[in-house]
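First, one chain by itself: the form predicted on its own, in structure tokens.
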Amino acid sequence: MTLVELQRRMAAAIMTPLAISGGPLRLEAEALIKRNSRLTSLKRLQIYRESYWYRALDSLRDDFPGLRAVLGLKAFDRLAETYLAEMPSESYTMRNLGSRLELWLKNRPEFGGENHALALDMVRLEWAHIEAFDAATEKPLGPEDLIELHEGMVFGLQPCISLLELQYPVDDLRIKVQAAGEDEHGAASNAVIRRKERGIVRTYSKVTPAETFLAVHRIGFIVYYRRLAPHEYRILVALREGRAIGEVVASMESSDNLELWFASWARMGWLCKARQVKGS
């Protein structure tokens, strides 16, 4: 057995769901790990399995507090355990654990139940939050770069900005959940936190649908959610797609707010040079 084969078998054994024990797993443990005077091969493997699974589940709980509030604790934990079993980590960092959660949940609506659409919107927002926190940024264009806008100009958007078209105002919900969690910071007992979380679920699992356009962005080391007007959202999407200003304006019903929006985007550092100009 090569080192690579050994590593792959060991990783597969560690990532085996905790509900599975004995039988083939015991035989695999004995093939990979020596027993000692105190622990069998399977029990030694179990130490690593529990470390992996408890750390992975804690990471998802930390990254998706809004989803926990929508689904409830038990439903969230069922979702998390099934997701990790079906979509095991392929990355060296826990940061990427939830990268495939939106697509997985789309195909597994039973885990969202009656709040499936709300849960999907929350996952999209919370993954955008993760990406905005540590995504790259490029040198922003300032107001002086926008003095003379002309039809052929093409801009880029900062890589750390996500543009979301949502069915529910999950930004407000996420902020409330975060604030509730901060109120319990430093609580001595997990029971206190759990009681608080159950209250969050009862209060926030029923949210009235409302079309919401959102930019998730970062200023310094803080992530912000900014509501967008529908036309503003569509212009930003068009700019991200590499469309020239003239083409964007021609598709708008009104360009009354265009200069105001561009000035606002420049102040926030959203605009940067396009990575690739059309026709180049």
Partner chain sequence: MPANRLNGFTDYEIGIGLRIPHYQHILKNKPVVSWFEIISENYMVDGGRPLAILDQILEQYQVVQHGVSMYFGSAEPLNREHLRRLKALVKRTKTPWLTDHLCWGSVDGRYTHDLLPMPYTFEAAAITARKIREASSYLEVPIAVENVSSYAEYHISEMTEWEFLNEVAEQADCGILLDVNNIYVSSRNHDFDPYEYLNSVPPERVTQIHLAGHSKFERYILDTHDHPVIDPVWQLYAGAISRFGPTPTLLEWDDRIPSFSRVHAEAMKARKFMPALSPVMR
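Superpose the two forms; the largest set of C-alphas matching within 1.5 Å is the rigid core. What you see is a predicted model; the values in this text were computed from it and never measured. Numbering follows the first chain given and starts at 1.
The form predicted together with the partner chain is left out here; the points below concern that form.
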Contact segment among 229 to 237, 244 to 252, 43 to 51, 66 to 74, judged by heavy atoms lying within 4.5 Å of the partner chain in the model of the complex = 43 to 51
Judged by heavy atoms and a 4.5 Å cut-off, are V4, R38 and A135 together in contact with the partner chain in the model of the complex?
-> yes
Does the partner chain come within 4.5 Å of any heavy atom of A266 in the model of the complex?
-> no
Contact test in the model of the complex: S89 vs the partner chain, heavy atoms, 4.5 Å = yes
L57, heavy atom within 4.5 angstroms of the partner chain in the model of the complex = no
Is L25 close enough to touch the partner chain in the model of the complex, meaning at least one heavy atom pair within 4.5 Å?
-> no
Residue (of L258, C272, M10, L18) lying close to the partner chain in the model of the complex, criterion heavy atoms within 4.5 Å = M10
Can you name the residues of 225 to 244 that have a non-hydrogen atom within 4.5 angstroms of the partner chain in the model of the complex?
-> none
On a core-based superposition, does R38 travel 2 Å or more at its Cα between the shown form and the other one?
-> yes
Core-superposed comparison between the shown form and the other one, A11 Cα displacement 2 Å or beyond = yes
